[in-house]
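For reference, the chain that follows is the form predicted on its own, supplied as C-alpha cells.
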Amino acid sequence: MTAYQFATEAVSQGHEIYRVFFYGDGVLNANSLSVAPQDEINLSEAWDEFLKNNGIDSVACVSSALVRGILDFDESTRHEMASVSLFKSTQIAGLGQLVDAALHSERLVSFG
C-alpha cells in the first residue's frame, strides 16, 4: 500500500512518474484476477485505475510475473495457458525497462 500511496501523492503534488516497474511480489499488483475482501481496498484495481487515469507506463518483470502466474496474452498463448491475468495498464518486460526508467528519471524510488 505504501508504494501506491507514495505514487498517488507524488502525482497529486505535480510530480511526474516516468514508469512503475513491478518486481518480485510487487507484480501481484498487476494481477487482474485478485479479489480483495469486501472491507479492504483492491490494491490491484487501484493501481490499474491510477496508471490508466494518469497515463503512466507500467511494467511487470517477466521472470517475477511468470512464476506467480501473471500472464499477458502473448505469454498465455506461448505457455498454452487458459487465461490472461495481467491488467491491460501493465506490460510484461525485462529488467531493461527498469534500467531505461532509471536513465530517463531524476530519481529512482524502490519499495520492498
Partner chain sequence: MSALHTISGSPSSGLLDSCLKLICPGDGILFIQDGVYYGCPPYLIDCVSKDNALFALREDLLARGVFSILAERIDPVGYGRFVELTVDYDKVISWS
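Positions refer to the first chain, counted from 1. In this text, all values refer to a predicted model and were calculated from it rather than measured experimentally.
Same protein, other form: the form predicted together with its partner chain, not shown, and the subject of what follows.
Using a 4.5 Å heavy atom cutoff, none of Ser32, Leu51 and Asn54 lies near its partner chain in the model of the complex. Proximity of Glu16 to its partner chain in the model of the complex falls outside the 4.5 Å heavy atom cutoff. In the model of the complex, at least one heavy atom of Ala10 sits within 4.5 Å of its partner chain.
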